[in-house]
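Form predicted on its own, single chain, as structure tokens, below.
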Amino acid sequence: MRELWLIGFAYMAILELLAIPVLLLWPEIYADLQRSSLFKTIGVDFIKRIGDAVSGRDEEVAYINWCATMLLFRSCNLVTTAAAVLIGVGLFARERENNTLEFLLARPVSRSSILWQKLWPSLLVVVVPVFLVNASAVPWSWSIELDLPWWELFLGSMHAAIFGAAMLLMTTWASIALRVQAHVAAVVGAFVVFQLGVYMTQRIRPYSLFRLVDFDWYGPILCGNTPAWQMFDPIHGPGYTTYLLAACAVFYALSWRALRRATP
């Protein structure tokens, strides 16, 4: 935690600084959206859906969709992914580069314990700012005489936090399997960029990882149209949150297996 607190503070500050302007400027933005016909001319389907959602006649619903877009779809996807990768890259690869992995593995502590003791502070740093910053959106909204639903905002934040945890665990696995931090960053970064490219291509968008955390998912959650059970039930509902939890479990198992076989 002593090593991570500065990264965590900077990460939370970036999330908050991205949130404040888009919340406080909403009245002006909403007026501009009402007059604009820009979204009608854009040929990208999901952008059109966002435009229709944030420019509707019911301002309260439009504002909730705006928060789903700006707080969750934009900020959490970009900043949380960046923070998770930045933290995960050096968890074990840096130990190899500093020639301290041999000392670490030689200690009278199980490798399972080493993995967990490295991961839980990292998970806290990635997850907690998501809840704190999104919770701060409620009093910021009061200042412009609007409100956000607490429970639905918590559900959306939980899903975003689990996505960040999955990205951290994936990067941790790469940090154990690869020996150089630069190689870890290159591989994980290439994967993220590829997934973003797939998401931006309409016909193959459903195959992108970011389809699990886009506006079409967050918007209904914040508007109360996707209850908690549908988030976790992949049989009778979308179940996207369960898929992310399963990914976390898989990447943790892969990290544990890689560390058991690791050599300095």
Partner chain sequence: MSPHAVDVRALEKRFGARHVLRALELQIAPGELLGLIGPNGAGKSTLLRTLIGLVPRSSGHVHLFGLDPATEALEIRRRASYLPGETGVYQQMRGDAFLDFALGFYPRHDDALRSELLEAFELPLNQRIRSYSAGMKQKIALVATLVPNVDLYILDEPDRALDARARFYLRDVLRGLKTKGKTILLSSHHLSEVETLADRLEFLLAGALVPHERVQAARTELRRRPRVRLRDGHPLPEGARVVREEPDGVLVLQTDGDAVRWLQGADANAVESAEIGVDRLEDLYQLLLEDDEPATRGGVA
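Residue numbers count along the first chain shown, from 1. Not measured: the values here are computed from a predicted model.
Not pictured, yet referred to below: the form predicted together with its partner chain.
This chain is displayed alone, yet in the predicted complex one of I144, A190, V109, L124 has a heavy atom within 4.5 Å of its partner chain; that residue is V109. Residue F103 is the only one of F103, W151, W120, F194 with a heavy atom lying within 4.5 Å of its partner chain in the predicted complex. Remark: A258 does not count among the residues lining its partner chain in the predicted complex, judged by a heavy atom distance of 4.5 Å or less. Using a 4.5 Å cut-off to its partner chain in the predicted complex, each of R2, N98 and A262 places a heavy atom inside that distance. With the partner left out here, its partner chain still marks one of 90-98, 135-143, 157-165, 181-189 in the predicted complex; by a 4.5 Å heavy atom cut-off that stretch is 90-98.
Contacts between 203-218 and its partner chain, taken as any heavy atom within 4.5 Å in the predicted complex, involve no residue at all.
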